[in-house]
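First, one chain by itself: the form predicted alone, in structure tokens.
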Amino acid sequence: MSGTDTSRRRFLAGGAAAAAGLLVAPGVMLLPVARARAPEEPASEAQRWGLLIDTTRCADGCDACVRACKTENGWEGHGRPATDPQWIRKVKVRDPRTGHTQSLPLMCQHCRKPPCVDVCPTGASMRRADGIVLVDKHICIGCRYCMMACPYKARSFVHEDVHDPKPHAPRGKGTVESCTLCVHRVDAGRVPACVEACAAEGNGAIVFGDLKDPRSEISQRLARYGGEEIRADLGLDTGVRYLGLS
């Protein structure tokens, strides 16, 4: 097996043996959403991980999800919005007909048909069998084709030197990065950091789970309330859905 194949397997395993459990607000109990996946066990098409975001519960001015993502994955801004990394960001959308505005988090949408994967010349941009879209930093050449292809502007280029990256979130100057759905947590049977932080703040606007499991909370909510894709007209079949957009 080549060194690239070995490094890719190591990256995809994503630190499944990461230590369990961050402290959250008193009274908030977060249960694992699935059994932990062994490092040598491949991702399975039996699951498709996704998020459901209720914009009616997403508080304007709250950035708990963004702060949690920064802490968990070790990315931080340098005061230069045009070039700073943004794995997740809060945006405001406005209905021009009514003037109604909404606040919502925007991140990689983990498409079933990801344009970033289609244009990547090295295979660094990839989609796991369970639907999580990732960048293999070992073979990313920083061409930024994926950034241009993404209709959600969900990817960032690392312009600055990286110091002390998290073991579960490799980063490097000259590479592209984006939301990983906290793959290291998912592989350990836990929820992404943004979901945990939103629950701790008492908003509960983000639900994580298996879109293929009709018994999961996310599937039951989608069946009951529905859910919209951002730019559904593109036919990308996103793994992130929103409530209350219209």
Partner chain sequence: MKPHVHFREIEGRSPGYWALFGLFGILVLAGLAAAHYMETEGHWVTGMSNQIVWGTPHVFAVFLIVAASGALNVASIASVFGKARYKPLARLSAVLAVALLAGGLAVLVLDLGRPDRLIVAMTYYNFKSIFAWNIFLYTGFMAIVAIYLWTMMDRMGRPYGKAAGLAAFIWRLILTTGTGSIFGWLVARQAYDAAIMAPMFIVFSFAYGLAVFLLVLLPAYGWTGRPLGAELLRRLKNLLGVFVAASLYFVAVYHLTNLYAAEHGSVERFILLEGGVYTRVFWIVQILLGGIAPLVIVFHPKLGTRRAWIATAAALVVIGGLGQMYVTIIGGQAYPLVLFPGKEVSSTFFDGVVAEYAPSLPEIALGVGGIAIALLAVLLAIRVLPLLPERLDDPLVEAQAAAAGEGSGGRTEAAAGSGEAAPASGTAG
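Residue numbers count along the first chain shown, from 1. Bear in mind that the values here come from a model prediction, so they are computed numbers and not experimental data.
Below, we turn to the form predicted together with the partner chain, even though it does not appear here.
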Would residue 131 count as a contact of the partner chain in the predicted complex, using a 4.5 angstroms cut-off between non-hydrogen atoms? no
At the 4.5 Å heavy atom threshold, is residue 230 in contact with the partner chain in the predicted complex? yes
Heavy atom contacts to the partner chain in the predicted complex at 4.5 Å, residues of 156-177 in sequence order: 156, 157, 159, 160, 161, 173, 174, 175
